[in-house]
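Okay, so here's just one chain, in structure tokens, the form predicted on its own.
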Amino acid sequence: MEKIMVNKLKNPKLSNPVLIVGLPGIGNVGKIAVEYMIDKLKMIKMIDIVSQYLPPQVFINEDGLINLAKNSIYYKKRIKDNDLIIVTGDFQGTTQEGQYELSYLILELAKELKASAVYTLGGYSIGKIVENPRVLGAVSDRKMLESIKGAGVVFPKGEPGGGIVGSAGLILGLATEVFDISSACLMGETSGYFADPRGAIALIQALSRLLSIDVDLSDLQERSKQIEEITGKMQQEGMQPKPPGKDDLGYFG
């Protein structure tokens, strides 16, 4: 058995596509953002990736049907703007080798599809609930800097202090130094306590400005409101969400 298996479901002809990667991580903000975009933009699945580097697990739906843990790639053709490719999945690679192998494969596929740019999405854990999360950025080259700043992404000195860990950082680095694709990482602030739709909203808003994407955020805003009500009630009752561990603060992924 091969360690990574690629199942190509569709073979669309894409025009100058942009790759967006959102895998599970702190606050799950990247994964929430891209899964919401996939749904609202009615994107089509084109590739499934199964691998020994992912946990040996299946998921069971309400009807008792199973799905093997995987990463998947979706596409959206657009008339005037760059086509879109989105990568998401159930897990990141479970080992350092797995992280590298899966990240490299994703970028090989992006190169085959002639991707013009790569955007990785992640969460920035600050250890407290954030009412108005910022989106922090890191870029591969200065030519991307001004357009990303114009989308409201900030580049504060000293942040992130510990670099970018996990697929969000690794794909950014490999895209730049191995595949010569312009790339950027967008990082939504999050408490890290729970799956955070508020941080995901901030990421989608930044991407919408960058890539001329029109996404109705009302459903995600409603989810965010429900989380706010739950955390507000917990605080009134003297309960506090369990904060991330000391080593998790400043983690991106």
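Predicted, not measured: the structure shown is a model, and the values here were computed from it. Position 1 is the first residue in the sequence shown; the rest follow in order.
Missing here is the form predicted in complex with another copy of the chain; even so, the following discussion is about that form.
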Inset, instruction - Determine whether any heavy atom of Y119 comes within 4.5 Å of a heavy atom of another copy of the chain in the predicted complex, and answer yes or no. - result: no
Legend entry - Touches another copy of the chain in the predicted complex: N132 (any heavy atom, 4.5 Å): no
Inset, instruction - Using the partner position in the predicted complex, report whether D81 sits within 4.5 Å of another copy of the chain, counting heavy atoms only. - result: no
Inset, instruction - With heavy atoms only and a cut-off of 4.5 Å, decide whether A33 touches another copy of the chain in the predicted complex. - result: no
Legend entry - Proximity to another copy of the chain in the predicted complex (heavy atom, within 4.5 Å), stretch among 183-191, 33-41, 204-212, 220-228: 183-191
Inset, instruction - Pull the contact list for 101-116: residues with a heavy atom within 4.5 Å of another copy of the chain in the predicted complex, in sequence order. - result: E101, Y104
